[in-house]
Ligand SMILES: Nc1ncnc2c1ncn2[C@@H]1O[C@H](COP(=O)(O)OP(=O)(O)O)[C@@H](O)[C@H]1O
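Quick heads-up: it's one chain on its own, the form predicted alone, in C-alpha cells.
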Amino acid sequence: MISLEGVAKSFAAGPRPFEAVAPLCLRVGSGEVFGIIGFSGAGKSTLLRLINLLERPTAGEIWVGGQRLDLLDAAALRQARRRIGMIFQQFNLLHNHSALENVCFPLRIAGLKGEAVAARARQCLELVGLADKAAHYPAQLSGGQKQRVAIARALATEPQVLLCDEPTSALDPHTTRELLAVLRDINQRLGVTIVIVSHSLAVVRALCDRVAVMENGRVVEELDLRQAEPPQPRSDAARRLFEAV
C-alpha cells in the first residue's frame, strides 16, 4: 500500500542543511498496522508527513496505492489525499462546529452535497462510538471523545490509509487503551492501512503488526510484533526504547 524509495528530507538551517530524514526505503502492506517509534527529534513525524506530502521530499519516490504522489500536480494531489486520512496529537477540530459538522467538513470540501453528507458523517460517528454526541461541540467533549471525532472525520472520505501522528499523547492511559481499541477495530472491520507515530513502546505493542525504530533521521531497525515471543532488538536505539518501558 505504501512504498518509500530513497526518500529523504532536509531543511535549510544556517550554512548547512539539516537532514531530518536520511535516505531510506520503507514498505507498508495493505491492511497492515505499522508503527514508527523513536525518541523526540528522531524524525518520526517528518517521515509520516512525507507519506501524504504535507512535507515535500528532498529526494526519492513516494507511492501510495500504486500511485506516485511526488510527481502529481496540485489538483491531482488533492484528489489522491482523499484516500489518505490523518489524525493529529491536538485533534485539530473546528471549535465552532458540532461533532457532526466537523465530520461533514472534508466531505463538503470534496464537493459532496445534500443529505448524503450528513448520512455519511453520522455513519462515521457511529463507527467510533459517538453517535449520541453528534450535536455536541468540542468544548463539551473529553479528550478521548475529541480524538474519536477526529478519527471519524479522517474516515469520512473512505480512505485506504490512515496516518496517525502521536494520537494518544494528550490522553490518559485508560483513554489511550480505548482509542487503540477503536483504531484496531477500524483496521479489522474496514481493512484500512494504519501508520502510527508514537514515542511509546506500549502503544505500538498494543496496536501494531510491525514497527520501524528511528534515530537521528534514520530507520535503524524494523521489528515484527506479531511473533509469540517478544522481539529482540539489535540496534542501540531499539534497546534503549525497550529498556525505558
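As the structure is a computational prediction, the values presented were derived from the model and not from experiment. Note that residue numbering begins at 1 and tracks the sequence as displayed.
Keep in mind that the form predicted in complex with the ligand is missing from the display, and what follows is about it.
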Subject >> Partner-contacting position among Leu24, Leu225, Ala237, Ala20 - heavy atom within 4.5 Å of the ligand in the predicted bound form >> reply: Ala20
Original post:
Which of Val195, Leu183, Ile51, Ala42 has a heavy atom within 4.5 Å of the ligand in the predicted bound form?
Top reply: Ala42
Subject >> Per-stretch contact check against the ligand in the predicted bound form, the hit in 186-194, 34-42, 204-212, 63-71 (non-hydrogen atom, 4.5 angstroms) >> reply: 34-42
Original post:
Thr58: heavy atom within 4.5 Å of the ligand in the predicted bound form?
Top reply: no
Subject >> Contact test in the predicted bound form: Ser200 vs the ligand, heavy atoms, 4.5 Å >> reply: no
